[in-house]
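This document starts with one chain, in the form predicted alone, laid out as structure tokens.
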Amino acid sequence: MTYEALKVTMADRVMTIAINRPDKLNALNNQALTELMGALKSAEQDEECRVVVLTGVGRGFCAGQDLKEHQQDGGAGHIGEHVARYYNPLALKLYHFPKPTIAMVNGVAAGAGMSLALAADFRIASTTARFSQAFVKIGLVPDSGSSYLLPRLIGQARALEMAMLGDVLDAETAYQWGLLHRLVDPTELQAVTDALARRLADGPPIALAMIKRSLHRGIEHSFEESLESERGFQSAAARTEDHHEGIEAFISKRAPEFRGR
């Protein structure tokens, strides 16, 4: 697939998907949304890819919807259709992605751009990052999964504050609130992200996918249901070659070489 609104690179089993509209703070137009979905599908099908890193080119992560283009396409009268066509499938694909995902937040993450960061498994941000549920500023409500993900990450009270006031949250506060996994100096952002991505890429792919599904189910099911789900996942994981490799490596006191089988 050829990309114009993205930069997509692969190195060391890690696919980096960078939104490439720096003059718009990587605001999302239809082309960028379509290419993002295409890149995620490509990463899912690529056996070489073990981890996906989502970021933005320049000084922004993603400023959300490109409002100028949206107005040209029909604006408010079509927003529900637009969300259903582009944002909901993208949010679902990222949240349920079967491989580990990392949002490398290098700058502003606002509106649906913040939603994308929330849908990733890990969020690593530089101290220059900023977060905003900007929807209320234009008389709209959070979408692309924010109403589900945000209160689960930072609690209902803080989520209501962000959503109803639309204030910009600085990176240090976001880290203190539990929105971020790592907060680093801008000069260290790439190196810290790379280190985490490599660690995940070295992990057992099948088990990592099951862990993600299991924890997602745990949010919405009872303790008893979660116990039964864990039993099923554990039985399947125990039958993989990776499990046997892990046991042999442990006994031999060496690093395991997981192959996703």
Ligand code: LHQ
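Because the structure is a prediction, the values reported are computed rather than measured. Counting begins at 1, following the sequence as shown.
Heads up, the form predicted together with this ligand isn't pictured, but that's what we're talking about next.
Peer 1: Of the options Arg198, Arg59, His221, Lys212, which one has a non-hydrogen atom that comes within 4.5 Å of this ligand in the model of the complex?
Peer 2: That would be Arg59.
Peer 1: Going by heavy atom distances of 4.5 angstroms or less, which of Leu153, Ile79, Leu92, Ala163 would be at the interface with this ligand in the model of the complex?
Peer 2: None of the others qualify; the residue that does is Ile79.
Peer 1: Decide whether Ala63 counts as a contact residue for this ligand in the model of the complex under a heavy atom distance cut-off of 4.5 Å.
Peer 2: Yes, Ala63 sits close enough to this ligand in the model of the complex that at least one of its heavy atoms falls within 4.5 Å.
Peer 1: Is there any non-hydrogen atom of Tyr87 lying within 4.5 Å of this ligand in the model of the complex?
Peer 2: Yes - in the model of the complex, heavy atoms of Tyr87 and this ligand come within 4.5 Å of each other.
Peer 1: Wondering, does Lys41 line up within 4.5 Å of this ligand in the model of the complex on heavy atoms?
Peer 2: No, Lys41 is distant from the partner.
Peer 1: So in the model of the complex, does any heavy atom of Leu67 sit within 4.5 Å of this ligand?
Peer 2: Output for Leu67 is yes: heavy atoms within 4.5 Å of this ligand.
Peer 1: Honest question, do Gly111, Ala134 and Leu140 all end up within 4.5 Å of this ligand in the model of the complex by heavy atom distance?
Peer 2: Result yes, every residue of the spot touches this ligand.
Peer 1: Using a 4.5 Å heavy atom cut-off, which of 121 to 129, 140 to 148, 95 to 103, 169 to 177 contacts this ligand in the model of the complex?
Peer 2: It is the stretch 140 to 148.
Peer 1: Suppose contact means any heavy atom within 4.5 Å; which members of 22 to 58 contact this ligand in the model of the complex?
Peer 2: Residues within 4.5 Å: Asp23, Lys24, Leu25, Ala27.
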